[in-house]
Structure formats: C-alpha cells, structure tokens
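As a starting point, one isolated chain is supplied in structure tokens, in the form predicted on its own.
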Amino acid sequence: MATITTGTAELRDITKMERIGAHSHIRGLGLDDRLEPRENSQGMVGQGKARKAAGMILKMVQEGRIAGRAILFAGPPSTGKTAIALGMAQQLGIDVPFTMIAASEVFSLSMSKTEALTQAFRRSIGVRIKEETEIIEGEVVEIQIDRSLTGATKTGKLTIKTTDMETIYDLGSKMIDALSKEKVLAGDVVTIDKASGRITKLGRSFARSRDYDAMGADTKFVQCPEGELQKRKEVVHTVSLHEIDVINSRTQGFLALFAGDTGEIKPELRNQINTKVAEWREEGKAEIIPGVLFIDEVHMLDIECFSFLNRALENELSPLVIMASNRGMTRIRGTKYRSPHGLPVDLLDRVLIVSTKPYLEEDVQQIIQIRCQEEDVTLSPDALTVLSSMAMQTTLRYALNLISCAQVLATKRKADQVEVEDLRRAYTYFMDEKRSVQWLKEQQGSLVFEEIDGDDTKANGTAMDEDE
C-alpha cells in the first residue's frame, strides 16, 4: 500500500471515532441455555416474557422450523421492541440473513410497493452454496520472470513443490501481476485457485526459517504441504436470493449490488432462479437458510401491502416476518376501518403476538447505567437516582438523551462526572413532551396555523392519520 506523506513532521495521536447508536449496547437477547432471561445480560434489561418468547422463536429459526410465520411485537413506545429484534439479529450470527426495514420506506422508494416488499423478503432468504474447486498448494521454489525490451509483455515460470513432487508452471501476465501484488517470494507456501487465479499466501516454509538474520514479528512459518500439488477442495459461501436476482438481471448486473439502485426485477427471472435453486437443493449443491425480516412501525403499511404480506407468507420460499407496532385500536391505512394495532383481522389471525410492558424503575436505572457505559459517561449516585425518577415522570428516551447533554455541561465546568446540577440545567434547556404541550397552552394562540376544527380529536393527534 502506498504511504502518503505530508509536509509537517509532527506526530499526533489518532483517536478511533465510533458512532454510538440508540441500540449499540445490544449484544444479544440475554438468555441462558434453558432460554430463561437473565436480569441484566448482553445489554438487555427487563421484558423477561417477551425475551423468552423471542428466544423460543430464535431456536426454531436456527433449526429451520418456523419459516413463513409472522410475529408481532406490540407495546407502548420505548418498551424495547426494536431492541429485542436487534438482540435476535445479533444472536442469529452472520450466516442467517436478517433484514430490517421501516414500513414507511416502502412508499419512499422509486419502485412499486410490492416490489420493495418482495426485495426485502428475498434479502431475508439465504442460499448456502457448496462448490468444488481445484487448487494448487505448495512451496514456491523459484519464480523466473522475463520481460520484453519494451516491458509490454511478460512471461515467466513458477517452480512449485510439495514433499512428494515438484512441477514447473508457465505464467501469463495476469498471474505474474497477481504474484507481485501478493509479494510472493521463493520459500513462501501458497495456494492458487485454478478457476479464478486467486493467490493466497499461507506463510513461509520452515526450511527457510534460517535464511534471514532479521524476520518480521508477524512472519508465520508453516510445513511444506504433502501429497499431490493439485487438490480438489469444497468451498461454501452464503448469498441471499436478492443478490442472485440482481446479479442475473441483465439491466443492472453485478455492480447494482454496490450502487444500491437495483430497479424492478422481472417475476419471470425470479421464477427461473427459484427453479434453479430447487434443482441445486435436490442435487445437494445448495441449502436454503430462511432468515428474518423485521418490519418496524408496521401500522404504516396500507391495505394493499397487508394483502401482499398475507400471500407472501404462504410461499414456499419465505422468511420469518417479525413486525413491531406501538398503536392500539387505529385505522388501517387505505381503509375507513379500525383494527387492533392497525393490522387487518385476517393478518392478525396469522401472527403470534408478543406484548412488551413499560419498564419498572429499577429496570430504568439499569438501562441508564448501561447507556452511560456505552457513551463513556460517569454519573454520580445522586444524579443516577434523579435521572431514573425523571425517566419515570417523562419518558425513558428523553432521560437517555439528557445523558450526553449533561456530559457536555459537566465537561464545560471541568468536572469528571455528571452531577445533579448538570442534569437540572439540561432539563431546563430541553423540553420533554408534557412540558412542550403545557408551553403550547400558555402561548394562547400566538403560534402560526393553530386554529382547529370543531372536532377536538384533531388537536391531540388521534385522528391525524387521514389518507392524502
């Protein structure tokens, strides 16, 4: 890698910047081997019933027994619905696909609603493909490269050996470039993939360990391979169905995966891919891994999306769909009918509903402590008590937002830890929802566009979800 130098010769410490998100403290569901919830583990506190239910679902996902089902996390705001879903994602590991979307995303994309949902579904289904590839593995004895006078053409020979045999290979310009890029020298043990020409350096041979007086601390020594030079090896890689769709769609091709703008994919292509994947399964070449699709704020979907979900859940290839909603009895978007959680009754009939309850004060205190550790903030014991009682009187989210604000105020007065006075000052600077409503009442109509119709429900926001 080329080093970039600047004119100044001074040395500075480089501090690693990490983005701390609202749920960056979540490491898992915090369950033991018997799926019993621990009091405070992996960033999770309280919500024992909901976490245990999530753990049972997770177990079934890992065993591949629950694809094509739907689960709804229902509860008041800031009761940990998204946190539980993220805990599930962490526990599933990297091999099982987990896709997270907000329901409103479906309407903001440049494609149809059903296409956006189909792509989300297919992102959540993994295909574990097994391939056999031929590799050359051995110790490099000698690399001989001949360049023409102009330097345009390069030819060469590579002598490579195992403990049993030695062979000379002719090299083309691409292989010569690959060898120089990997800095392969005589005495290195390498593997070369015959299909792709990819070179991997395994280390240096033990026979060459005395060749140099000075060795890098990270030099790895390995034994010279035994047996044949050419071997067959099984390679396993996991891709999602959506990635296969994008790579095979003529209009976009492979680069669309990086650009993000995949456009609409034809259903005929998807049917062909489904048929091909089914063939691979029968031949034992591939294995389907049903993953998880998490739809947050699911009440924002409309009646057409819900009817599509009903149909999509019955498909042979479908993931586990987890939804979250904080609504009670509310209107189904796109209709005049009211329904629990804003979901149609036929979809509610399919889902397993897991409820989350408001946190107790001791749970809130533990959550605040976890967030303080995550944000590198030290709270004094009195400040912790005050912030916990603030969270109970206002909301948990408001209290968590005050942590970093109070830290700024404490730093300003050169204090090591946040005291009660910092919290009080932050509390006066930033309003919570209840004080904001009170302030609006005190303004007595001095704000713009404050007139309301005769129906009082429109003033407090309960009937504000009319269609455009």
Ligand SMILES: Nc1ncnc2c1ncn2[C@@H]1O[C@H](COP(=O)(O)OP(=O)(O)OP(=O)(O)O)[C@@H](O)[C@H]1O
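We number the residues from 1 along the sequence you see. All values derive from a computational prediction rather than experimental measurement.
There is also a form predicted together with this ligand; it is not shown, and the following applies to it.
- Only one listed stretch (396 to 404, 429 to 437, 410 to 418, 53 to 61) carries heavy atoms within 4.5 Å of this ligand in the predicted complex, and that stretch is 396 to 404.
- If you check this ligand in the predicted complex, you find no heavy atom from any of G93, F121 and P290 within 4.5 Å.
- Taking a 4.5 Å heavy atom cutoff to this ligand in the predicted complex, the contact residue among G197, P76, G203, G227 is P76.
- None of E137, E243, E297, D188 but one reaches within 4.5 angstroms of this ligand in the predicted complex through a heavy atom, and that residue is E297.
- Interface residue remark: S249 is not counted as part of the site for this ligand in the predicted complex, having no heavy atom within 4.5 Å.
- With a 4.5 Å cutoff on heavy atoms, I322 does not count as touching this ligand in the predicted complex; it lies far away.
- Proximity of L343 to this ligand in the predicted complex: non-hydrogen atoms within 4.5 Å are absent; the residue sits far from the partner.
- Taking the partner from elsewhere, F306 is found to have every heavy atom lying beyond 4.5 Å of this ligand in the predicted complex.
- For the stretch 357 to 379, the set of residues having any non-hydrogen atom within 4.5 angstroms of this ligand in the predicted complex comprises Y359, I367, in sequence order.
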